[in-house]
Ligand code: ATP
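Just the one chain here, the form predicted on its own, laid out as structure tokens.
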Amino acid sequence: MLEAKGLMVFYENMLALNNVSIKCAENQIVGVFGANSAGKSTLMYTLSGIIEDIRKKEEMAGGERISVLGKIQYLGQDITDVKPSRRAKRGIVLCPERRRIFKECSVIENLRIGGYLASPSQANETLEYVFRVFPALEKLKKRVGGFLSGGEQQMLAIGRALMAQPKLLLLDEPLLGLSPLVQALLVRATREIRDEKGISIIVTEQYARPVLPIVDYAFILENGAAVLEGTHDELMNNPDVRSAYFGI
């Protein structure tokens, strides 16, 4: 489905991604694990194309110079130079770190905004599905987003991303700052979305342990470089990886 090769991102003289190659096949859940500043969000911005918008805004404002190198193929086509809006239309949808919902809008308004790429029938069908996966949102659909708990906001952020009809869903640290109970709920929902909708998923997390049981394949980033990759079993059988990333 998606394969990126040799991704390199420079923020002025700082190397944020260092020759990273990653792939995600159809109907897979791929994990990307690493500490803070390992390059996880930069990778997601690069795959979604949002890094180009960031680069242009910095250039116009006279800020730091951002350089992006490497190749990205999606569904057999080179999308390296494709704008983020067109990537979204092709099915690459990012659910960003720290939710970034529209806090002044209600739950239902946030979801409707997310469905701008969908036909009316698709939007209605997906809205029903979001409420089935996250039943708490249906009860709160008239509540303003800013008055939701952190877990409810994360459900809303994922639901809004689903409304955009993704074929490849990019989840950037969806468990950040949430209780173990809510984390478990979101992990189950992530697997259900893949199994029921056939949506491929790339998910980043600082702590791998909650997500590891559902991933088919995973990559570990350190200082912007992919230092290790493997299946669930391969990573769990590595004692250094278990100690450093899974807390075992």
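A residue's number is simply how far along the shown sequence it sits, counting from 1. Since the model is a prediction, treat every value here as computed from it, not as a measurement.
Below: the form predicted together with this ligand, not depicted.
*Asks:* Looking at 41-49, 23-31, 185-193, 208-216, which stretch has residues with any non-hydrogen atom within 4.5 Å of this ligand in the predicted bound form?
*Replies:* Residues of 41-49 come within 4.5 Å of the partner.
*Asks:* Within a 4.5 Å heavy atom cut-off, is Glu97 in contact with this ligand in the predicted bound form?
*Replies:* Glu97: contacts this ligand in the predicted bound form.
*Asks:* Contact between Glu173 and this ligand in the predicted bound form at 4.5 Å, heavy atoms?
*Replies:* Looking in the predicted bound form, residue contacts with this ligand include Glu173, since a heavy atom lies within 4.5 Å.
*Asks:* With heavy atoms only and a cut-off of 4.5 Å, decide whether Val227 touches this ligand in the predicted bound form.
*Replies:* Val227 lies outside the contact set for this ligand.
*Asks:* Any chance Asn36 has a heavy atom within 4.5 Å of this ligand in the predicted bound form?
*Replies:* Asn36: contacts this ligand in the predicted bound form.
*Asks:* So, Glu3, Tyr74 and Ile79: all three within 4.5 Å of this ligand in the predicted bound form by heavy atoms, or not?
*Replies:* Looking in the predicted bound form, the three residues Glu3, Tyr74 and Ile79 all stay beyond 4.5 Å of this ligand (heavy atoms).
*Asks:* Any residue of 8-25 with a heavy atom within 4.5 Å of this ligand in the predicted bound form counts; write them all down in order.
*Replies:* Heavy-atom contacts to this ligand in the predicted bound form: Tyr11, Met14, Ala16.
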